[in-house]
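The form predicted alone is given below as one chain in structure tokens.
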């Protein structure tokens, strides 16, 4: 077994771009737990971080929208957004194409995935990396699940993708951490931006933390859109982490509904059995 850490966190651009405008107590709790995740990844001895994210039309659009894509580049660049707006400087992030290729080959036994040797990170990856590997001294393997353009991958397939990812991690000698990042409820780029449905968030998190597969998969896209906004489709990244840790339970470190960040900010870990 070479999976050494698993977790999930939010990636809203406001976490960095509007950092000082949040309630100070809520912000401190969020930052403390992102730091906790950074430290636990470091203490795990992880040699690479697989970050399962939801891309926002920075690289993939309606002319080519893979359900799943894994990065296989020597390096990645990001963030693609304006530095001043996101408050993260553009940089070059190290990849590991050899490790990526080995993971992809194993995943392909169970789930069809695309791969990309060029990838510009947007806030969906850049915001978490800003906290989890601020010195960019850990090999990064980006994974994108289409949470943007319907038809979306079914939730049961996101769970199966997570199981396939776990098989791939366990088939290589390197120590690997995986983090899913997205949602939960949010309405980006709409008049409802800043709205948060805490009831929906906590309902989903209860299923996620219990690794209740049936409960997680019970959320239809129609219900998620109504109760969690179009940003709620990003629950797929959490579902994938649950699939990678099938049979394990999670621990919620932080949940802070922060309207100025436009999302219920979440940091959670999942047992690695």
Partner chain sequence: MSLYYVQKLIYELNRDPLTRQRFDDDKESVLAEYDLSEEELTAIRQPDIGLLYVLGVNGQILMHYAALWKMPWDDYIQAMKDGLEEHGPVRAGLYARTGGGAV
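Being a predicted model, the structure only gives us computed values, none of them experimental. Positions refer to the first chain, counted from 1.
The discussion below concerns the form predicted together with the partner chain, not included here.
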query	finding
Interface stretch in the predicted complex with the partner chain - options 30-38, 200-208, 238-246, 51-59, non-hydrogen atom within 4.5 Å	51-59
Among the candidates 154, 173, 150, 134, the residue which, in the predicted complex, approaches the partner chain to within 4.5 Å (heavy atoms)	150
Check all three, 122, 190 and 233, heavy atom within 4.5 Å of the partner chain in the predicted complex	yes
4.5 Å heavy atom contact, residue 250 and the partner chain in the predicted complex	no
In the predicted complex, residue 82 touching the partner chain (heavy atom, 4.5 Å)	yes
Non-hydrogen atom contact residue 219 with the partner chain in the predicted complex at 4.5 angstroms	no
Non-hydrogen atom contact residue 264 with the partner chain in the predicted complex at 4.5 angstroms	no
Stretch 7-41 - residues with a heavy atom within 4.5 Å of the partner chain in the predicted complex	13, 18, 21
